[in-house]
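Shown next as structure tokens: one chain only, the form predicted on its own.
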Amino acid sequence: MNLERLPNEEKLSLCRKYYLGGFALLPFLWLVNVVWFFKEAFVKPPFTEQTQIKTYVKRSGLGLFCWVTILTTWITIYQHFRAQWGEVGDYLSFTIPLGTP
């Protein structure tokens, strides 16, 4: 999608949709929001909707950071302690690894 062709009102609407979509457990939308709208929010000359777009981009970045932090923490804990958790660790797995831990 070429953001250059969209009017500023539609850019704001699209940015808001991606921001709200991230709350539906779709943090990829926050990543897209930050990447697509970073120039619009921080590089382009000022326009009316820019302050709202900045807010959505900043919040999307913060949400993405939190999501990545939580996911990385969980993956690290799970990989480290899965064998010690016994059956519970196996039930949380999609595939049960073969061999000894």
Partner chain sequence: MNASDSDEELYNERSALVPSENPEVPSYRPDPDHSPTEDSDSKTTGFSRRTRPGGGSEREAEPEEEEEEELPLKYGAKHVIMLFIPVTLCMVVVVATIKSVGFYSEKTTQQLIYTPFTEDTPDVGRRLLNSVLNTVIMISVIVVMTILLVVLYKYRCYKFIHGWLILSSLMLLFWFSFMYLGEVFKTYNVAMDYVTVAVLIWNFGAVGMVCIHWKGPLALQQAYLIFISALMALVFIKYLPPWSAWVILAAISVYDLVAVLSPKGPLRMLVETAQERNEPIFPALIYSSAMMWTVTMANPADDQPSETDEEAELSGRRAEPQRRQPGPILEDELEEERGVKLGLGDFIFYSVLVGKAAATGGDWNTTLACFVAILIGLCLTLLLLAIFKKALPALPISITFGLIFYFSTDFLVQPFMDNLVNHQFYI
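These figures come from a predicted structure and were not determined experimentally. Residue numbers count along the first chain shown, from 1.
Not pictured, yet referred to below: the form predicted together with the partner chain.
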(message) I'd like to know whether Tyr18 contacts the partner chain in the predicted bound form, with contact meaning heavy atoms within 4.5 angstroms.
(response) yes
(request) Determine whether any heavy atom of Tyr91 comes within 4.5 Å of a heavy atom of the partner chain in the predicted bound form, and answer yes or no. (result) yes
(message) Taking any heavy atom pair closer than or equal to 4.5 Å as contact, tell me whether Gln79 reaches the partner chain in the predicted bound form.
(response) yes
(request) May I ask you to check whether Leu26 falls inside a 4.5 Å heavy atom distance of the partner chain in the predicted bound form? (result) yes
(request) Let me know which residues along 50-80 have a heavy atom within 4.5 Å of the partner chain in the predicted bound form, or say none if there are none. (result) Trp67, Leu71, Trp74, Ile75, Tyr78, Gln79
